[in-house]
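Next comes just one chain, in structure tokens: the form predicted alone.
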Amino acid sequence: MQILILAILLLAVPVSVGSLAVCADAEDTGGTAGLLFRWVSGQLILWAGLQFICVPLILAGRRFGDAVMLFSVYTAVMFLLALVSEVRRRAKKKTFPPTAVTAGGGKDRAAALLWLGAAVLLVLQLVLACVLAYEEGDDAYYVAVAAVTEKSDTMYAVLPYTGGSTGIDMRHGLAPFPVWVAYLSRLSGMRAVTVAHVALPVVLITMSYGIYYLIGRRLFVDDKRKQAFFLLLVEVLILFGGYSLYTPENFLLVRTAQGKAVLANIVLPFLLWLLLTVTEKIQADEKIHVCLWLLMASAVIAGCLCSTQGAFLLCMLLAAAGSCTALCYRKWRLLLPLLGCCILPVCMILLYYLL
């Protein structure tokens, strides 16, 4: 029953909520790519809502139970809105362009072998992430915070090292990703440490590779062999990326449930995919749907949930990408929605310095 509840919270609900973002990109709405796009988009929308809910409650010194109730209501509202949106979309029989097919047709054995190799490496990483124990010092804080939050019904008011009471930790309280782990533990009944070290690696590592799959589809259109090779190459690089404790590859495989790992391996790659989508639409002189900007804003806010450093990095990324794109294509109006996406991160930066 605990596994079933987690599957609903981590798979079914985000995929359903992600249908709200379908209008952001009509090319990746069918098949495997469409499912992955909805899954990632829905999870980012939920994380963005958690950031809006948790930070004010933490600053006000409220209980964890209040955050659980409000976030559950938010999730239910998003789920119902997505359900209504999907029903209306089906009622109108709105169709999207078909998914691209490999040029030349027929079966490509080389591509099939590459896809098989990518699948084997993915399963290997998931198994190793779950069954191997890794000595990670940050778990003494982040996983302990999730466990203490769920047990004590407080948020950042108890020292995870000693269990004693303390003032609110502003540095970590502005990026309350462990509260999400505690939320999953509270609703499923599974221990927070089990959620962090067994359930989340399977989900988040798969989600990260799903984003790279979407990037590969965008970079190598109509070429399944190159798409498969791209994903296989990424997996090999990640497997051998543990040359330092601070690489994104190391974070993905051994610190999966920490917000910093999610920022580096899910939020930033997906934001790059969104920026690539915006650039392609500008180059093709197509209209950019407002859903795309809202999804980008959700990704930026989700990055703030993961780490206080995320606010700095995301603003820098949007500023660099927006300036280059506006300069190259003479689309200066592009800077306005990008500036709007940076409003909350800038507020988080100001709060960080003030508090």
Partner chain sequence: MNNAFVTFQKYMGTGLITVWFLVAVIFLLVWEKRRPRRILFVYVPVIVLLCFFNPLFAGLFGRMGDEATYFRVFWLLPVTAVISYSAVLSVDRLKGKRAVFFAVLCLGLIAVSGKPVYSNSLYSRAENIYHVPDSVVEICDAIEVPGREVMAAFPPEMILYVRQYSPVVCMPYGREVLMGSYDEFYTLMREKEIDLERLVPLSREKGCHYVVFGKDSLILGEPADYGWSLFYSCEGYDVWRDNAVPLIVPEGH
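Numbering follows the first chain given and starts at 1. Computed from a predicted structure; not experimentally measured.
Absent from the display: the form predicted in complex with the partner chain. The rest refers to it.
Check for me whether the partner chain, as it appears in the model of the complex, comes within 4.5 angstroms of all of A7, L36 and F71 - heavy atoms only. Spot residues vs the partner chain: no contact at all.
Sort through 53-61, 36-44, 287-295, 305-313 and report the only stretch with a non-hydrogen atom within 4.5 Å of the partner chain in the model of the complex. Only one stretch qualifies here: 305-313.
Given that the partner chain is left out here, which of L204, I211, A82, L253 has a heavy atom within 4.5 Å of it in the model of the complex? Among L204, I211, A82, L253, a heavy atom within 4.5 Å of the partner chain in the model of the complex occurs only for L253.
Does the 4.5 Å heavy atom contact test between A321 and the partner chain in the model of the complex come out positive? Result yes; A321 sits at the interface with the partner chain in the model of the complex.
Does the partner chain come within 4.5 Å of any heavy atom of A264 in the model of the complex? Yes - in the model of the complex, heavy atoms of A264 and the partner chain come within 4.5 Å of each other.
Can you tell me whether V148 touches the partner chain? I mean in the model of the complex, with a 4.5 angstroms heavy atom cut-off. Result yes; V148 sits at the interface with the partner chain in the model of the complex.
Test of understanding: in the model of the complex, would G173 fall inside 4.5 Å of the partner chain by heavy atoms? Looking in the model of the complex, residue contacts with the partner chain do not include G173, since no heavy atom lies within 4.5 Å.
Out of 208-244, which residues reach within 4.5 Å of the partner chain in the model of the complex, heavy atoms considered? In sequence order, Y212, R218, L219, F220, K226, F229, F230, L232, L233, V234, V236, L237, I238, L239, F240, G241, G242, Y243, S244 come within 4.5 Å of the partner.
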